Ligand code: GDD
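Next up: just one chain, as C-alpha cells, the form predicted alone.
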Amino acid sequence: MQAVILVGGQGTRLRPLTLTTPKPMMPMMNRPFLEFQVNLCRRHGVEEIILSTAYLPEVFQSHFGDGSRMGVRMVYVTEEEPLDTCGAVKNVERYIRGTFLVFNGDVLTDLDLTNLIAFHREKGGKATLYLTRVEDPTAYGLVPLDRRGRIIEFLEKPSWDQVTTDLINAGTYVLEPELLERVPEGEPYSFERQLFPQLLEDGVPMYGFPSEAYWMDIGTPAKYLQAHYDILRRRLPFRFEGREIKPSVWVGEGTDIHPEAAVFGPTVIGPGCRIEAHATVSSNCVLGPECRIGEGSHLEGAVLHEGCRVDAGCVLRSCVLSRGVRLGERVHVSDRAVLGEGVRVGPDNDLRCGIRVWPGADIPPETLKF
C-alpha cells in the first residue's frame, strides 16, 4: 500500500509559526507533526509514502531522508505551481501503482487505516472518504450517506435548516488510480469542489467510512494547542519520551529542575531545559529542548519550541512561543497569543487576545498593556 500526503500548503491560518516552518513540520509534542502521520501509516502496513511538497520543500527531505529511519520509503515530488488538492495527487501519478491512500497534511488522527482499506475493498467503490462527526455541521462540508454507506450528496457549509447529517469529510481517502484519468494534468484541481462532485454526478460509486477515531485539524493556533492538550490527556496513542518523574510529568535528559520549583502533570519538558527556583510549570505544558524558565515564572497550557528563554516573574497561559523566543522579566503572554521565531519581548509587556507577533520582532519594555 502507498500513501500520498499533501504537504504543500503555506499554513496561512497558523502564521506566524509557519512563516519559517511548513505546517506539517511544526513541532507537536517536540517532534515534527508529520511524524504522527508517517507512524500511523507504518503501523497499518503502508510501505511507501509520497510527499507532495511546494512550500519550503527542502525541510521535509532534510528531516526524513529516504524514510528508512521511520520504517518506510519516502518519495518527494515538488509542485512548480500550486495545483490544489487533487491536482497535487495528479502530479505524483507516475509513482502510483494501485489502490492508494491520500492524507491532508494537517490532520491528527488515530484512524484504523486497516479497517478503512478493508471497507473500501468490501464495497468495491472507486473512492472511500473517512468521515468524522462534528458539533457544528454548518462550519464544514457535510457528506450524507444512504443505508449502504454510499455518498449521496456534498453540502458545503449549509445553514442549520439544510443540515441532514453531522458527518464531514475528514481529509483521508482511499482511491483507485483510474480516477486520476479524469484529472487535468498541470492544472489546479480540487477533490472537494471538483472531482468528488463530478464523480457523484456521473454515478461513480463513492462510499463514506464514519469513524469515532480521534480527529483534529491543527490549522489554527487554538486547534494546535488543543491537539497538544489532547495528547497529554491520552486521548490518542502516544509514546512519551524522557523519564516520568511523577505521574504524567515527563522530563528529557539533562534537564535541571530546581528543588524549589513546582511541576505538575500532564506536562512534557524536553532535554536540556532549566526550571529555576519558585517557578511553576503547571498542567498541559510542553517545553522544547533547551528552554529556560526564570525564577518565579508561571506556565499553564503553554507550548514552547526549542531554545525559548523566559526571564523571572513571567506568566504564560494558553500560548505558543516559537523557536528562540526571549521574554524579559514580568512579561505576560496569554489567551492564545502566538510569538514567531526569534521574537524578543522587553520587560513588563502584556500580550493577549490572540495577538500574533511576526518572526524577529523586538518589542521594547512596557509597550503593550491591557
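It should be emphasised that the depicted structure is a prediction, and the values quoted were computed from it without experimental measurement. Note that residue numbering begins at 1 and tracks the sequence as displayed.
One more form of this protein should be noted, the form predicted in complex with the ligand, which is absent from this view; the next part is about it.
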### Message
I'd like to know whether Val251 contacts the ligand in the model of the complex, with contact meaning heavy atoms within 4.5 angstroms.
### Response
no
### Query
Is Gly272 a contact residue for the ligand in the model of the complex, using a 4.5 Å heavy atom cut-off?
no
#### Entry: Heavy atom of Leu6 within 4.5 Å of the ligand in the model of the complex
yes
### Message
in the model of the complex, does Phe100 come within 4.5 Å of the ligand, counting heavy atoms only?
### Response
no
### Query
Which single stretch, out of 311-319, 341-349, 66-74, 49-57, brings residue heavy atoms within 4.5 Å of the ligand in the model of the complex?
49-57
### Query
So, Leu83, Asp106 and Gly141: all three within 4.5 Å of the ligand in the model of the complex by heavy atoms, or not?
yes
### Query
Considering the ligand in the model of the complex, which of Glu156, Glu122, Glu244, Glu185 comes within 4.5 Å of it through any heavy atom?
Glu156
### Glu295, Glu300, Asp166, Glu192 - the one with a heavy atom within 4.5 Å of the ligand in the model of the complex
Glu192
#### Entry: Stretch 21-37 - residues with a heavy atom within 4.5 Å of the ligand in the model of the complex
Lys23
